[in-house]
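First, one chain by itself: the form predicted alone, in structure tokens.
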């Protein structure tokens, strides 16, 4: 099945690394990118993806605030917080928002952790 993934990160290098690693594992997926939470919300409103990787610290609204708004317009989209912000409070907020937490750096095990979450049966 062909899935869609939206990568949300203000770092172009991080977006490129995530795209590259996901493409190696899931070459048939359609991958889109957004550099801010606001841009992601606009994209999801027009065409909801199956999955999202979301950074936390970005210009404008935070990744967590973007998740709240994305859940309002696309509650079925599965989201992985992929971030270097490893504070316990961030992990707890991810649980409250019903998303998974994946710690950066963007390594193959980190990407596999996110993909396993995306593809797991609910």
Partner chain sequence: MTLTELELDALTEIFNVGVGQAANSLSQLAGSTVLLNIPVVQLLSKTKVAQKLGEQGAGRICAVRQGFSGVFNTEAVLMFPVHQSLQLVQMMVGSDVPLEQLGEMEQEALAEIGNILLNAVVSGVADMLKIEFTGSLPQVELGPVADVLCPDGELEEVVLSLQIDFAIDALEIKGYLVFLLDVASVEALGKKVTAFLESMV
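Numbering follows the first chain given and starts at 1. Treat the numbers as computed from the prediction; the structure is a model and nothing was measured.
One more form of this protein, predicted together with its partner chain, exists but is not displayed; see below.
Chemist: Contact check in the predicted bound form: 23, 74 and 78 versus its partner chain, with a cutoff of 4.5 Å between any heavy atoms. Do all three pass?
Modeler: Looking in the predicted bound form, the three residues 23, 74 and 78 all stay beyond 4.5 Å of its partner chain (heavy atoms).
Chemist: Going by a heavy atom distance of 4.5 Å, is residue 89 a contact of its partner chain in the predicted bound form?
Modeler: Result yes; residue 89 sits at the interface with its partner chain in the predicted bound form.
Chemist: Looking at the partner-bound form in the predicted bound form, is residue 98 within 4.5 Å of its partner chain by any heavy atom?
Modeler: It does not: once its partner chain is placed as it appears in the predicted bound form, residue 98 has no heavy atom within 4.5 Å of it.
Chemist: Does at least one non-hydrogen atom of residue 32 fall within 4.5 angstroms of its partner chain in the predicted bound form?
Modeler: So residue 32 does not count as contacting its partner chain.
Chemist: Does any part of residue 44 reach within 4.5 Å of its partner chain in the predicted bound form? Heavy atoms only, please.
Modeler: It does not: once its partner chain is placed as it appears in the predicted bound form, residue 44 has no heavy atom within 4.5 Å of it.
Chemist: Is any part of 7-29 within 4.5 angstroms of its partner chain in the predicted bound form by a non-hydrogen atom, and which residues would that be?
Modeler: The stretch touches the partner through 10, 11, 12, 13, 14, 16, 17, 20.
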